[in-house]
Structure formats: structure tokens, C-alpha cells
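Only one chain is included here, represented as C-alpha cells and corresponding to the form predicted on its own.
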Amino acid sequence: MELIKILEDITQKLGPSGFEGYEAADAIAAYFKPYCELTTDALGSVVARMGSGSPTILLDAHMDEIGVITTKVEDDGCIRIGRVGGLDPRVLPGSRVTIHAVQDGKRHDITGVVGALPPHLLSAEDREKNYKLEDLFVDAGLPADEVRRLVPVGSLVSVSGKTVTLKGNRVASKVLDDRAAVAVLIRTAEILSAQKFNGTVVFCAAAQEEVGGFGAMTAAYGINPDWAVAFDLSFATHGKEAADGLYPLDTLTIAHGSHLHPLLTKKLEDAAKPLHIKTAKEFAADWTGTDADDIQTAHNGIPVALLGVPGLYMHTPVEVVSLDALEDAARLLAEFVRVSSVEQEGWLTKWDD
């Protein structure tokens, strides 16, 4: 299936951190089902297995999204909100949102908009400042008593962000961090279903990355793979050259750092060469801030590499990635599985090769 078709579907499914089971997990599992045996673990991560025997290779991308949650209803009916994950409040004013309220075990969705005091009513000093989350509210167009009846405190709120294609074979949408990588895992499963490889490949659409990487941590513990690749969005430049940690949209990134296994990283780089896939070295001097950190320390320790696809406007409703880069990533991961799965036991400890 084309990546754009997968993205148009799974980016619109509700799944903030800790609530992936609302819609996102089932939608993603359905795409893996033709190729894999499926389970969902206690934290809600979708685990899809293909093949059998050793080695066991884990390919991970997180499926949760950032969002907001209702915290209070003011006397004028405005709804105050708090963060779910690393939401940037600067992108919210003027946004259309959906309030996902649950009553008597049933969810009902209410359309709202995010408002704030207009600049006309702000002091000159306040007009120079960015909005803070406490300055914002959701307006559902209802009086306070009706809002309190329909929208219990703790209801989820998602920002609208329709998936659209742009020129240059690019796509813009909310939740491309990291549903774009999840779509790549689905495409990788499709490619591997027509190829031969040794052992078992486990695809994990991990929960709760945006609030601490807990889904990857617990899933990796349960899977206990021989090695793993985490896949997440990196940061893109508008130009053609990398600069200050920014990379061209059409170039995949392979991270180097103290938390990433150097021999596994080299194997990933080498797999890209015969495919003529453009890659760039990304550097993580400390923690990577991705699921790779949590996979590495799971169980007795798991060698991990980190693959990235550069994106623009991260944590906004209009994140942008290259569809060509996503297809390259799927081809690279499939090739990595093929070449690494035939390695002799103990190859990850042969530092002098």
C-alpha cells in the first residue's frame, strides 16, 4: 500500500500518550495484520511479529501524539487545558479542536476552537510575549452549566490537522511525529513479506514516548530482542545542506552517540550504500530523547541504533516530511533486517573488525 494512504488514515486517529487505545492502536494493528502475528501489551503498545527463530530484531517507532486535556471550566463556559506531552502553546491560538468527552462509558465529540485575549486588549508589554498555556482556553460555544455537564474535567482535546500533499512529493499533517515512522514500519513489513530473512522481526508501535518512553521500555523488556533500531523524526532544514543539527528532507539520518551501539550503527549505514540511499550522520552526545534511550537499558541491555527522517515544524498541526525519504527508510530497514539477520552469533562484540 502507498505510504500516503496509510498516513491519511493513521494520522487522523486519536491516540495521545496513555490513550493510544482510543483509536490509533487498532488502526495501526489492522495494517500489520496481513503480515504479522499481533499482540497489544499492558501499556497499549502494538507488537507485530514476523518470522521465527533467532535472531530477534526489534524495529520501533512510537504511535502516541501530543495533545491537551481539560482541567477546569470557567464561569463563562471557557475550558482551561493542560499538556499531554511536549505541546507548544504558541501554535494553539486560532486552532480548531475536538473535545473527546466520555460519559457513561461512551465517547462523544464536541467541536471547539482555541481562543485567547486579542492583541487589542493586551498591554504593549504582553503583546511582545508568546502565549502561555494558562492564557489559552477552548470555546465550545456553550454556557458553563452545559459544558460542565457534557465535558468532564480530564477529557482529551485533539487539534485538527488534515493530511495534505504538497509539491515535491511532501506531505503535511499533524502527528507525523511519529506516525510517519509507524507508516514506514508497516511498509517495511510489506516489503519483508516478499523476501527471505533469518529469525524474527518484531515491529513495535510504542505507547507513551511523548511522556517518557515508557511504552518502548516495557515492550523491549518483554520482547528482549538481540538488537533493535528505533525510528523517529529528526529536524529538517529548508536549505539543501545540513547545518546545526538540521538535515535535508530527502536525507535519512543515522545517529552516533554514547547510547547507540557503534557496530550496529555501522551495519545500518552499510545497508544504505547498495541501495543508493542518502544518509547523514546525526550526533547525540548525551541522551537521544527518543525510544532508543529506553530500549538500550531494557532487560539486560539491548544494542540499539537510531534512524531518523527529517521533518519540518515538529509538534505543530502542519509537520512536513518527504514521502521519498519515507520510502527510502522502509527499503533501508528491510535491507538492514536481511543483512544483519545472517550475522554469526556474537558479531556485536567483535570490536576489532
Partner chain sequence: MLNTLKQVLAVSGVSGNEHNIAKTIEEMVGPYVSTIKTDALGNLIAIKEGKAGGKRVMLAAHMDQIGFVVTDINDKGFLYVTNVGGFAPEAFLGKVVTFTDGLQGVVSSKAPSRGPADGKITMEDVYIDIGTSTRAESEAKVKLGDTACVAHQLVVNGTRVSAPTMDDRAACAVLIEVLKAAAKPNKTIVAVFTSQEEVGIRGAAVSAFAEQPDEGIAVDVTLAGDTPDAKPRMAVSLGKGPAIKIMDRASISTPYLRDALIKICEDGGMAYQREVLPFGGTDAGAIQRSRAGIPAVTISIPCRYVHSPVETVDLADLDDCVKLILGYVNQ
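Computed from a predicted structure; not experimentally measured. Positions refer to the first chain, counted from 1.
The following text describes the form predicted in complex with the partner chain, which does not appear among the structures shown.
Visitor: Which is the contacting stretch out of 229-237, 163-171, 216-224, 90-98, given heavy atoms within 4.5 Å of the partner chain in the predicted bound form?
Guide: Checking each option against the 4.5 Å cut-off leaves 216-224.
Visitor: If you check 274, 118, 154, 141 against the partner chain in the predicted bound form, which one has a heavy atom within 4.5 Å?
Guide: That would be 154.
Visitor: Between 278, 83, 266, 108, only one gets a heavy atom within 4.5 angstroms of the partner chain in the predicted bound form; which residue is that?
Guide: In short, 83.
Visitor: Residue 314: heavy atom within 4.5 Å of the partner chain in the predicted bound form?
Guide: Residue-level check for residue 314: no, no contact with the partner chain.
Visitor: In the predicted bound form, does residue 70 have a heavy atom within 4.5 Å of the partner chain?
Guide: Residue 70: yes, in contact with the partner chain in the predicted bound form.
Visitor: I'd like to know if residue 126 sits close to the partner chain in the predicted bound form, meaning any non-hydrogen atom pair within 4.5 angstroms.
Guide: Judged by the heavy-atom cut-off of 4.5 Å, residue 126 is well away from the partner chain in the predicted bound form.
Visitor: When the contact criterion is heavy atoms within 4.5 Å, does residue 208 count as touching the partner chain in the predicted bound form?
Guide: Yes - in the predicted bound form, heavy atoms of residue 208 and the partner chain come within 4.5 Å of each other.
Visitor: If we check the partner chain in the predicted bound form, which of the residues in 1-28 reach within 4.5 angstroms of it by a non-hydrogen atom?
Guide: Those in contact are 17, 18, 19.
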